[in-house]
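Presented as C-alpha cells, the chain that follows is alone, the form predicted alone.
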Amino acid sequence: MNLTVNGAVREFAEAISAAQLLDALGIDAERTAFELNGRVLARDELAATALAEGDSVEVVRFVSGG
C-alpha cells in the first residue's frame, strides 16, 4: 500500500491504521496533529481509522524549546 506522508510516497506491506502508521514512524500520538486527506483527526479516532491506498497524510509534531 502506498501513502503520501508529509509529501513523500511511502510503501507499506499491508493496510494499517493511522495509529499504526504513527507507531511505524516512531511518533508519539500525544504530541502530534494528524491530517488525513485534508481532515484533522482527533486522537481518539487514530486507532479506528484505516488508511487506504493513495491516502495523503500530514503529521505535525509539537515540540517545545527555550
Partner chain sequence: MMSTHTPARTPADPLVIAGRSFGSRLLLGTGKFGSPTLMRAAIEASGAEIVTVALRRVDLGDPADDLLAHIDRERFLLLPNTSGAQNADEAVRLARLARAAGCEPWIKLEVTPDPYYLLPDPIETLRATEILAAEGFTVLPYMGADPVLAKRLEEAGAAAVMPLGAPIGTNKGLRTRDAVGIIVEQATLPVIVDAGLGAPSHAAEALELGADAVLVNTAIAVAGDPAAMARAFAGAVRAGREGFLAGLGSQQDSAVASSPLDGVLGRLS
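Residue numbers count along the first chain shown, from 1. All values derive from a computational prediction rather than experimental measurement.
Omitted from view is the form predicted in complex with the partner chain, to which the following refers.
In the predicted bound form, the partner chain sits beyond 4.5 Å of every heavy atom of M1. Remark: A19 does not count among the residues lining the partner chain in the predicted bound form, judged by a heavy atom distance of 4.5 Å or less. At least one heavy atom of E58 is located within 4.5 Å of the partner chain in the predicted bound form. Looking at 1-29, the residues that come within 4.5 Å of the partner chain in the predicted bound form, counting any heavy atom, are V5, N6, G7, R10, L25, G26, I27.
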